[in-house]
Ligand SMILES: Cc1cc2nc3c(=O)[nH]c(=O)nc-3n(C[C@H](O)[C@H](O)[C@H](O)COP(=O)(O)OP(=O)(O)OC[C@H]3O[C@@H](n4cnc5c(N)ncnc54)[C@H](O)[C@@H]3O)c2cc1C
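Below you will find one chain, with nothing else, as structure tokens; this is the form predicted alone, and questions on how it binds or moves follow later.
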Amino acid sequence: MTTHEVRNQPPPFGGYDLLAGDPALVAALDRWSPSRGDVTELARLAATSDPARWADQADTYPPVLRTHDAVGNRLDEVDYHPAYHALMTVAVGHGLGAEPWLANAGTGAHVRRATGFYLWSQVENAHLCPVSMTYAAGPALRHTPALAGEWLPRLASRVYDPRLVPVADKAGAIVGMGMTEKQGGSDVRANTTTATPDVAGPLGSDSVRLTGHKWFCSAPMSDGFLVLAQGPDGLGCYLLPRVLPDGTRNAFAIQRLKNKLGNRANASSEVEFAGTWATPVGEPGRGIRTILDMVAATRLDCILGSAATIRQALARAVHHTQHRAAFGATLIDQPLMRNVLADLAVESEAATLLALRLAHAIDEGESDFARLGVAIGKFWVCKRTSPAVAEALECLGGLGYIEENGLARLYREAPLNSIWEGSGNVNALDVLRAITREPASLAALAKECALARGAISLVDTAIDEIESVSTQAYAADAPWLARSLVERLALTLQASLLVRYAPPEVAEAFALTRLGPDRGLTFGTLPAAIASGAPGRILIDRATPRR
């Protein structure tokens, strides 16, 4: 039955080149990497119809746990939709795993990988959890050279092989992580899982038997897991292979899969260990120090993934408002809508630039700057993602709340990176810890920000206040003030980067609305002179997706 003509609706979103249409990303890639590698190819692939279909299918048909076979034997296997494996094949095949850790210094390998991760995250976020852990395992495994020699080349491989077979029989491997337990959560020193040495074990004379559980263990079909357990010398880090060298399955009981708000394509599980074989990584009793190298790298990916989520939400909002008219004008030409879009564009550029600058710090070995910058970025960029995506969703009105339009999935995904690898409070307190225990990290941050002096007075003032603001970290009431301290440092760092690397109109808009006295509490509160003038036009143009 035909009752009306469908009109004044946007065409389907898709076909956009996510690299060419993102000037801030292109500039960062070309600035900090001597070549683009195959990032351009990945961007073009992301613009085709197959990845979008895979993303929808992987989210619609989540992983299924099979604990036992038909006659009662334990299987402990997770079945994924073929779309998940298609997404993983592309991610691994384009070097988003641990490849940069084997690259020579000065090659921009981490920046290229970060760019690819940012681009492919905009297709589908959830499957990149195991990809991120695989990337992040590199620096942790280096604490034990023998393990790194066996595992790292496989984690850096561009071959995706989901089979459960001994790692020696695989050209490529994936690694997961298990830190938290029911009784402790982020307080991993409260872990009760034990590691008992057994020199006769199948992993050589360093073999240990694990007994205990992990409350969150994502990607349980990975080839190995870095876990924390209480050993003879205290809390240690251990590598647990899913399959033992002789081909038998390690004891790895998957109790259930988490029913999560978002991130549905990725299996997150509760697991139990009963005589499960593992081998030590790093110094005995120094497990937190060892695994924090992994956590720092996954936190960088949280920043990248969140920046990508903001960018994709903004692109979808711009697309919709370009093709939808109301109250006598196209939505994108309505003054208040332009204010919202321009404000979101400011947020997006600041997040993207910070994420890529931190990846460049890894390339250049700027460990002091990365130590504090990653903790600040993890708190701030991830925390800003949910309100940014919510605002972008609202640009579509009721249509944004419908699953088929993509923004609903982004909205469900948006809070996750702020929770994983340390929630907001954990990261804010980590910033205090870095400032007070590793003062070189604060000096490196101040030095980085000082490079922006002389362009915008508000930014200069914020830079001048870094030292005085940071003294709060030493105060008796520092934990009460941690979030406000991190916010100020984050905004100052983002502003300084925009001054140096973004068009002046972008930097000025950020400074006025994030550092100035008249900043609003919601998106869409830019001063009229910015939103209606050249800065607004430039911001929206730089946020407009292109084919």
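The numbering used is simple: start at 1 and walk along the sequence shown. Keep in mind that this is a model prediction, so the values were computed, not measured.
Absent from the display: the form predicted in complex with this ligand. The rest refers to it.
- The single contact residue among Thr330, Ser367, Thr194, Ser423, judged by any heavy atom lying within 4.5 Å of this ligand in the predicted complex, is Ser423.
- This chain is drawn without this ligand; in the predicted complex, the residue among Leu358, Ala136, Ala388, Met177 with a heavy atom within 4.5 Å of it is Met177.
- Contact check for Ser268: a heavy atom falls within 4.5 Å of this ligand in the predicted complex.
- With a 4.5 Å cutoff on heavy atoms, Ser132 does not count as touching this ligand in the predicted complex; it lies far away.
- Among residues of the shown chain, Gln334 is not one whose heavy atoms approach this ligand to within 4.5 Å in the predicted complex.
- Proximity of Phe216 to this ligand in the predicted complex falls within the 4.5 Å heavy atom cutoff.
- Stretch 414 to 422 is the contacting one of 388 to 396, 118 to 126, 414 to 422, 76 to 84, since its residues have non-hydrogen atoms within 4.5 Å of this ligand in the predicted complex.
- Contact here is defined as any heavy atom lying within 4.5 Å of this ligand in the predicted complex, and by that definition each of Gly185, Lys260 and Asn263 is a contact residue.
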